[in-house]
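A single chain, nothing else alongside it, follows as structure tokens in the form predicted alone.
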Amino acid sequence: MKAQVESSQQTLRPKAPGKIKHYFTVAIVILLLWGSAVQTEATFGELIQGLPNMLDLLKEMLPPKWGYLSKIWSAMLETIRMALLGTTFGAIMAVPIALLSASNIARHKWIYYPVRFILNLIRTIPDLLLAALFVAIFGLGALPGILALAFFSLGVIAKLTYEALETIDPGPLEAMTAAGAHPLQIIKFGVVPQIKPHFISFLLYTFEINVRAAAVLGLVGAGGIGHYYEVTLGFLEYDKTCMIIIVTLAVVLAIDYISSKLREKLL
């Protein structure tokens, strides 16, 4: 009897999943990596040959020129201001765009599909290329960098926000609609309270990214610390470049720490 019960349990027990799928996935990944390496002509031999040059560069970068800090500090502050302004303007523009992109808010395909297409178009253009375009239009300075970061922020924040909007609780919205609330009242009292913490979190995250991005926009003439990267690298003054990297790293780490703590409290 006992043997029959054990035999019955073994029959009912589901079979372990096969490993063929995993082997097939690993084979495809290896094939893609190999194909990419061949097409880009990237080889380990080339990497090994470049290691001595890398060590020579590190020797020229160390020790960093600490006295250069007083000269680049104002440019670093300008970079942070560019990121702050660009993120703020982008976040403001992202609010209506996100509302029009969310299918549970706009409700009509002919509204949210074209808006999403524009968002995809904005995200397709790299921030460095945007900065170069705005430099060609407005000339050298911080303004092209701010505009580039604003459009970059618009694409990121609007995308993340409308995806979060589509996951909010529909109950309050349906109740307010049944009570005859105006669409603006639904957004103000039903949507905003649910999406507000997420939106601020996305804004802080984008600000972190923008500080890093703003550090290199000066390479195309958009102001900030990137201009000093271009100058020191052009004159092969690697000890000064090392000082700029250290300052940029310290600022990014500080902003990343503060932003992470704020986002932990919001979510």
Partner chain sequence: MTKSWNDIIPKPKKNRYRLLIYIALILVYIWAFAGIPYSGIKETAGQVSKSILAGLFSPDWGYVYLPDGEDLLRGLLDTLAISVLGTFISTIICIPFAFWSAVNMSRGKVISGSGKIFLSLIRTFPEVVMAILFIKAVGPGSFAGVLALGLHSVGMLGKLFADEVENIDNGPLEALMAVGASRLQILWFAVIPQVLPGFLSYTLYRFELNLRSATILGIIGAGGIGTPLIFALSTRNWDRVGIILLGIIIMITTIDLISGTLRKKLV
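Note that the rigid core is defined as the largest set of C-alphas that superpose within 1.5 Å between two forms. These numbers were taken from a predicted model, which means no experiment stands behind them. Residue numbers count along the first chain shown, from 1.
Absent from the display: the form predicted in complex with the partner chain. The rest refers to it.
- Contact check for Ala98: no non-hydrogen atom falls within 4.5 Å of the partner chain in the predicted bound form.
- Using a 4.5 Å cutoff between non-hydrogen atoms, Leu69 does not count as a contact of the partner chain in the predicted bound form.
- The partner chain in the predicted bound form comes within 4.5 Å of a heavy atom belonging to Glu46.
- Though the partner is left out of this view, Arg212 does reach within 4.5 Å of the partner chain in the predicted bound form, counting heavy atoms only.
- Checked against the partner chain in the predicted bound form, the residues Gly139, Pro114, Gly171, Pro193 give one hit for a heavy atom within 4.5 Å, which is Gly139.
- For the options Met176, Ala164, Ile187, Leu85, the one in contact with the partner chain in the predicted bound form, meaning a heavy atom within 4.5 Å, is Leu85.
- Contacts to the partner chain in the predicted bound form (heavy atom within 4.5 Å) from stretch 119-133: Leu121, Arg123, Thr124, Ile125, Pro126, Leu128, Leu129, Ala132, Leu133.
- After superposing the rigid core, the C-alpha of Ser70 moves by less than 2 Å between the shown form and the other one.
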